[in-house]
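The chain below stands alone, shown as structure tokens; this is the form predicted alone.
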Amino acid sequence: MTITVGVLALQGGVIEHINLLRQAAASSFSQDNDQITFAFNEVRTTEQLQKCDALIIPGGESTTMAIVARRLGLFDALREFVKVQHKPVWGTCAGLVMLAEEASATKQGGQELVGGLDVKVLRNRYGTQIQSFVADLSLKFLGEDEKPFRGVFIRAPVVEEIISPSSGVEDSHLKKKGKSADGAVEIMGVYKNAAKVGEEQGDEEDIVAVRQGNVFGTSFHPELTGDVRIHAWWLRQVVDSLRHKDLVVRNDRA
């Protein structure tokens, strides 16, 4: 079985994602009994997107990416890929913003969103480019005994609300549980002891990774590290979705 994974090549670390995908595939599937092979392609056209079984939307500037996608005739095709065909999609940083149903702190006039995640994101949570940072994250979906993942945060967004898809209004109880009204949104990672720009560091936890069905999003940039673990985990979820037509969250170390 050959699986084609695209990386939206409008902005951001496209080559970095592809390089880590190749490393992850080599390390995780070299002994696979089903003889799974992967093709990793840059995506700039609707025709290229239509050939993909899964897609990564990398970082960049989300407003600009949306405008370029619209001008290239890609935007509606992206929505169909995510919300109609329900193919596996992962958004990093600006990609997370594009996959959210709502966004705050947008530029004047707002911005167009692909959607797919019943969340509201806050853009540039930690400030400007010069306030970028690296932090250790405990990501349980990688395995209980796994070492922390070094998250690279560059003008990073965070998930500030998990919303009800039916009403568009956040329910505080659902937010605490990390699920939307239909039980679909899962909190996959938080950054602990976060502080807003200009404030002392406190006990707040920011949601920096979420998943809902076929859609996965991270605030940080795994592609800017040499750590293949998230890319390998996501590829396993892609394979699961194609085998079973339904994404199943599981501990792959079990």
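As the structure is a computational prediction, the values presented were derived from the model and not from experiment. The numbering used is simple: start at 1 and walk along the sequence shown.
Although not depicted, the form predicted together with a small molecule is the subject of the following passage.
**Student:** Taking the small molecule in the predicted complex as the reference, which of 137, 74, 142, 154 has a non-hydrogen atom within 4.5 Å?
**Tutor:** Partner contact (heavy atom, 4.5 Å) among the options: 154.
**Student:** Work out which of the listed stretches, 38 to 46, 58 to 66, 205 to 213, 22 to 30, brings a heavy atom within 4.5 angstroms of the small molecule in the predicted complex.
**Tutor:** Comparing against the small molecule in the predicted complex, the contact stretch is 58 to 66.
**Student:** For residue 97, is any heavy atom within 4.5 Å of the small molecule in the predicted complex, or not?
**Tutor:** Contact with the small molecule, yes.
**Student:** Does any heavy atom of residue 117 come within 4.5 Å of a heavy atom of the small molecule in the predicted complex?
**Tutor:** Although the small molecule is absent here, residue 117 would stay clear of it in the predicted complex, with no heavy atoms inside 4.5 Å.
**Student:** At the 4.5 Å heavy atom threshold, is residue 89 in contact with the small molecule in the predicted complex?
**Tutor:** Although the small molecule is absent here, residue 89 would stay clear of it in the predicted complex, with no heavy atoms inside 4.5 Å.
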